[in-house]
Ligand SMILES: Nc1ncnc2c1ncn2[C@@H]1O[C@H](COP(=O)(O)OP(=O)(O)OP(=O)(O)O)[C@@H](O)[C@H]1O
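Below, in structure tokens: the form predicted on its own, a single chain.
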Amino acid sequence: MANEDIILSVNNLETVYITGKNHSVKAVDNVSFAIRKGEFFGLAGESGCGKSTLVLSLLNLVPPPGKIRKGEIVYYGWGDPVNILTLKRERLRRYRWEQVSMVFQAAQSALNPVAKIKDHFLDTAMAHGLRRRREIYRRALKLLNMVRLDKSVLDAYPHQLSGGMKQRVIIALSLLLNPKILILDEPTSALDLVTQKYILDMVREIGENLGLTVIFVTHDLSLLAGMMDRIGIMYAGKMVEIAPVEDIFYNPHHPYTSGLMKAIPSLVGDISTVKSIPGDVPNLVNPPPGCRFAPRCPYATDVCRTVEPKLERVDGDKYVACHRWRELELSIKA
């Protein structure tokens, strides 16, 4: 991946939650990856694997008792590369909404129930130095139209909107200051399947039209199939595989990725072939030695249980952290 194509890179990032004196949980453990300009990048894995903590780290917004303990997050959107972990307060504030914006989990609750939708747009714009109300409202109306809402929404209160409408308002609000990167953390988890598909298609269309880089976080891999360019798979705080979407779905190299694929029900196949991954996610207070997936992996050997695998390049854009990937022929049908 050429440097001129990169908009954000993460290098050896470690984010922990302090659980007591001399005790901590590594929610993000030595994670490295890079994202291209205009790319749609999916981040997937079971609940508790560190996805949300990772994207909060990208904004240097990890809440206490969380702390970014080491590593760097380099942003290239300002021209010269900048490690956002070194930014002073005001420039970090500008980075967070003007350069990178985020739609959080259960984002509908982010709307003030006693404020009209137009006031949310106005307050956000004015907090970042914009003062021309007419221009702000014009921009808000344009964005609402992009998410397929009409101008009547501006005069509505949040309780007058459906869940899907509120989610679309939040997406429009996140685009108000023309960010270069949009992060969506489980944006459709509280919505029905039809509305989920509607919003996913809409996000892809908006992203392509505006030239956005999109990072989409989910525990449901099936949501990423027709939307992402590449997918990163996380397990127990580690990045275990990164690959183009076709390879993740049809040619996985990590046993965990293969297990996730087998756990997705097919619309046309026999539902009895669906298999869950046996065992439990490890306790990150005291993670197992070696590969963290080894206790659940049917292919694990002694080296897997004792030596931690490094994320290495398979070829092209494919990376995997598995000692045995060269000898395994994983199949989503097996």
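Numbering starts at 1 and runs along the sequence shown. In this text, all values refer to a predicted model and were calculated from it rather than measured experimentally.
Just so you know, the form predicted in complex with this ligand exists too; it's not on screen, but the next bit is about it.
Report yes if all three of T19, T53 and P65 come within 4.5 Å of this ligand in the model of the complex by some heavy atom, otherwise no. Yes: T19, T53 and P65 each sit within 4.5 Å of this ligand in the model of the complex.
Partner-contacting position among D229, E72, E186, E98 - heavy atom within 4.5 Å of this ligand in the model of the complex: After the contact test, the surviving option is E186.
Position in contact with this ligand when the complex is considered in the model of the complex, options N83, Q105, N178, S162, heavy atoms within 4.5 Å: Contact with this ligand in the model of the complex is made by Q105 alone.
4.5 Å heavy atom contact, V25 to this ligand in the model of the complex: The answer is yes: V25 has a heavy atom within 4.5 Å of this ligand.
Mark T306 yes when one of its heavy atoms lies within 4.5 Å of a heavy atom of this ligand in the model of the complex, and no otherwise. Although this ligand is absent here, T306 would stay clear of it in the model of the complex, with no heavy atoms inside 4.5 Å.
Decide whether C49 counts as a contact residue for this ligand in the model of the complex under a heavy atom distance cut-off of 4.5 Å. Judged by the heavy-atom cut-off of 4.5 Å, C49 is in contact with this ligand in the model of the complex.
Classify I277 as contacting or not contacting this ligand in the model of the complex by the rule of any non-hydrogen atom within 4.5 angstroms, answering yes or no. Looking in the model of the complex, residue contacts with this ligand do not include I277, since no heavy atom lies within 4.5 Å.
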